[in-house]
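Two forms, one protein chain; structure tokens for each follow separately as structure 1 and structure 2.
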Structure 1
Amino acid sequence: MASETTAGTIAPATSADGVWGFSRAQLAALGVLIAFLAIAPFFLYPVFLMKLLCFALFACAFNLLIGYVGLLSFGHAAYFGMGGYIAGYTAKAYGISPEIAVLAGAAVAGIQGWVFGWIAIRRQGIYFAMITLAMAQMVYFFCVQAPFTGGEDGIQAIPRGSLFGSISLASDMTMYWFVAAVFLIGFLLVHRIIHSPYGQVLKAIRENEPRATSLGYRTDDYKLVAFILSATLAGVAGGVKSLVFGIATLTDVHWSMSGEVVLMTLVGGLGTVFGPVVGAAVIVTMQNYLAEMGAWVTVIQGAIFVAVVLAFRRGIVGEIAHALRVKL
């Protein structure tokens, strides 16, 4: 394993990297997270928890790109929404098992990420962001017109099916354990990526791309692979969400969804492992419990976003980690 120096070079890892790349603080936080996943469905509504976990995985996928490569994508809803459409359509039209449906959605999202990333990474900064937004809007209008998406009605009555052809997911509690397992696998995969030698190169590119290039790294190739991985995980999150709620609609592929995942990541803590999970929990909880306030939910979200930017520049988890002088 390797670690990054402030100059953007790659240096050998030290014992501070902890166990499997987890620091002691991160291991403690992981223990709390697993304990929460284990006991939460007995005290909270499972469907609410499943929505939270889907968006948490979505935010983790987005954070892999912006937090560790420094690429701000305004089009991640394209992969999240298309993953939902493909998973929902294949499950309903062909009756395939849920795990295959989710993998199909992830595969299509990954291909999208490869094509869109190949175009977008040729630019940087605001130009990169605008290109990703433009291509995501193309996907949105495609979904409006494509026959298999159902247009404005979406794909409804998507069956949850049976996991591996034998475990029925009709029960909310059974479905929850499936979603929790997918989230945990995705979360650990993201952690492994960012703490691998490949992940250290990504951080070096984020800190000083010309320096990484001068060291012989083909930075565009590294960024493209990160884009594909991020898009694929976003597709997994979208696919699982469509199975949970039995519907895939234009809402998930709309540009506002891209803004929502940006908000989740910034509120939780950009470039932190657990930040996107906390940010997703805050935003989804607000949407759920303040739903009766109607349009005021958006106003409250905006106020919280402004407060976080002004008072918590590192996000919730980032500020906690800074105060405790630990790595989260």
Structure 2
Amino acid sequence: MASETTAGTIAPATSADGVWGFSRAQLAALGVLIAFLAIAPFFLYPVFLMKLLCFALFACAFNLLIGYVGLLSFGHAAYFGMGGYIAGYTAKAYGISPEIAVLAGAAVAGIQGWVFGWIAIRRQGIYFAMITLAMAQMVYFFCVQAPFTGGEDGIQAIPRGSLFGSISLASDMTMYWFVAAVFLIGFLLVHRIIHSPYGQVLKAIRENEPRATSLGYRTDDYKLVAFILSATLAGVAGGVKSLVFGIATLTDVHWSMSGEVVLMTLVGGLGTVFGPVVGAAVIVTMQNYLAEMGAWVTVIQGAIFVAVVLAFRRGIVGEIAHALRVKL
């Protein structure tokens, strides 16, 4: 579905301009992003920034599927939330160090993505969206009842622990650098995947699946691997988020969270490298400022959905890239 926003922009894997598959414009944007990550905690509240980065990583993971394979998963909260629960539970119950806890959450989310992806890729388009949503709802009900999730209360007072057993993450500033590093690694990983030969095949599937099949690619295998990668990264984002806030709750596995990540990616720009980050920043900031308005936040989010779909399908970054005639 992102074909119209990025039509004709498929670059060869080894594009002549730029470094690591980044074009010049993208390198400039990456420079701005890294500078922002370095300076922001001295001006903005670190916890807010960490929340933003967790959602930005989540949106990047989601964008890997929708933007580059054309698969709309409407159930990504299942992987985000499960990553959070597993990381939170292992950190609290076994006292293991945070990086292992996050990896454990990511691994479980990835396995879950493997099973669900294997089932869901049997259907395409709208059905794929409905199936992923239904599977995520199943995970939600499982989390309501499973003993380790703490039901309605969630898992509370999750310790942040010490990174590699030595660097305490108790202070918000230290935690921020950890989160920023995880985000940057995840962001670059998604970029690397997209610009690998494997990523080129994914885009070929997005543009014309029967043709990719006729060229000899097992498209289902490619889609499944993309789904697992996306779910795993979503699990990383969820795991880090639960460590940041010390809490893992049902909110993160609820269908509305799946809707939020769709919205973030859509606002930023489907199939753009920096879109999910910008979209996450916009939506998280909006939620922060409008928090006391209660249900109006839902109305505004719905209105943004409608406005973007009707008038603004390239998203913020997509529009900027279109105006400047560059890839971002």
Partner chain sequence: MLEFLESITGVPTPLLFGQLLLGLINGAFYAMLSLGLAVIFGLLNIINFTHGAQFMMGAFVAWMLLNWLGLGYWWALLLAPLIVGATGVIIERTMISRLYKLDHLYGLLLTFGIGLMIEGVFRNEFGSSGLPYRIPAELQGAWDLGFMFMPIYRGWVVLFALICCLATWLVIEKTRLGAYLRAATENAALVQAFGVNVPRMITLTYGAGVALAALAGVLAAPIYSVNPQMGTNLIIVVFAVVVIGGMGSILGSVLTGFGLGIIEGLTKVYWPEASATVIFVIMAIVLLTRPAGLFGRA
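Residue positions are counted from 1 along structure 1's sequence. We call the rigid core the largest set of C-alpha positions that still match within 1.5 Å between the two forms. Model, not experiment: these values are computed from the prediction.
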Kindly point out the structure, among the two, that is the form predicted in complex with the partner chain.
2
Aligning on the rigid core, do we see the C-alpha of I34 shift 2 angstroms or more between structures 1 and 2?
no
Taking the rigid core as the superposition reference, indicate whether the CA of I300 shifts 2 angstroms or more between structures 1 and 2.
yes
Per-residue CA shift, A311 (Å; core superposed between structures 1 and 2)
3.4
